[in-house]
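What follows is a single chain, given as structure tokens, in the form predicted alone.
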């Protein structure tokens, strides 16, 4: 097998990794700031995909407008979930949070079936993303390049948001010690609600961006959240850098596994996760717990 084919397959893996990165970024932000393990996070990926399909594929709005509307709609749903379901369990053990959010997954799956049916849906590719560019003598879809660029832009934007803005400093202070932050007059509940909305909108962005190339179907959120948890375990829960690196590892390994070891492709990422945990139980970029 030629080097060109291997490099090309790596690019395919990187483009696939960007969907995982967007989902995992929201998951790790919510855990890092709020301490909530949200199994329902994958459902917001699914909702983002369905809303983007509705606005773009059914109502005929432009693709960028459909993405923005899907983010807004999913963010509003996230605020409702945070206010009425998650807020009462903030102080409870993670097992209660997982049970609650898993129940939300089942509810959202049924709501999606009731609203859109159980048929797989995929709209046509937007005209300005049609076609391919030649990479190493092989055609590489323009849309895949756009997804890679979007994922990198989100990574840069999140770094600037949390490291270079006043709001980011408030969020990091709240994550470090919420009682002290409340004592200093910060509205911790509002910060938590905003962070949760940001997290679910990142998940929705991953689902919305996948609309022209990945089917929207009930259950896709559950499939994606399993991989997202693997990503965050490898990278370290609460670490955005870890989520980004973990997503790249999983995406590229899946791509090479499909090409080279199709019969054991799914096992590769679990083996990598086990190896990482044996070597560093908190993940590659996670902090050791006291």
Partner chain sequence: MARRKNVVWQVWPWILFGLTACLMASPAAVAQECELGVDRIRVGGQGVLSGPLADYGRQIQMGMQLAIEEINAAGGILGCELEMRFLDSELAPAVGVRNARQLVDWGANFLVGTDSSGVAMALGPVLQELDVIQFFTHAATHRLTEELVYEQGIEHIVRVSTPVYQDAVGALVVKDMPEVRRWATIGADYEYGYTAWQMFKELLRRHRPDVEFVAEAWAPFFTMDFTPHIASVMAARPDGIFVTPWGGEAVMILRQALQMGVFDRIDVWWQAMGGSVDVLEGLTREIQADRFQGKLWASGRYIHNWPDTEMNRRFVQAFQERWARLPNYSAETSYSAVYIAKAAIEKARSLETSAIIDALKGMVVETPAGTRVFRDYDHQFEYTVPAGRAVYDPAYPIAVLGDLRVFETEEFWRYPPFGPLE
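Residue numbers count along the first chain shown, from 1. What you see is a predicted model; the values in this text were computed from it and never measured.
We do not show the form predicted together with its partner chain, though everything after this point is about it.
Asks: Picking from 25 to 33, 61 to 69, 259 to 267, 229 to 237, which part of the chain touches its partner chain in the predicted bound form when contact means heavy atoms within 4.5 Å?
Replies: Looking at the other structure, the answer is 259 to 267.
Asks: Could you spot which one of 103, 168, 88, 118 gets a heavy atom to within 4.5 Å of its partner chain in the predicted bound form?
Replies: Of 103, 168, 88, 118, the residue with a heavy atom within 4.5 Å of its partner chain in the predicted bound form is 118.
Asks: Name the single residue among 111, 173, 215, 79 that comes within 4.5 Å of its partner chain in the predicted bound form, judging by heavy atoms.
Replies: Looking at 111, 173, 215, 79 one by one, just 215 meets the 4.5 Å heavy-atom criterion.
Asks: Are all three of 141, 220 and 255 close to its partner chain in the predicted bound form, meaning a heavy atom of each within 4.5 Å?
Replies: The answer is yes; 141, 220 and 255 each reach its partner chain.
Asks: Check residue 154 for me: does it contact its partner chain in the predicted bound form (non-hydrogen atoms, 4.5 angstroms)?
Replies: Close contact is absent here: in the predicted bound form, residue 154 is far from its partner chain, nothing within 4.5 Å, heavy atoms only.
Asks: Spell out, yes or no, whether the shortest heavy atom distance between residue 285 and its partner chain in the predicted bound form is within 4.5 Å.
Replies: Although its partner chain is absent here, residue 285 would stay clear of it in the predicted bound form, with no heavy atoms inside 4.5 Å.
Asks: Does any part of residue 122 reach within 4.5 Å of its partner chain in the predicted bound form? Heavy atoms only, please.
Replies: Answer yes; at least one heavy atom of residue 122 falls within 4.5 Å of its partner chain in the predicted bound form.
Asks: Taking the shortest heavy atom distance, is residue 7 within 4.5 Å of its partner chain in the predicted bound form?
Replies: No, residue 7 stays farther than 4.5 Å from its partner chain in the predicted bound form.
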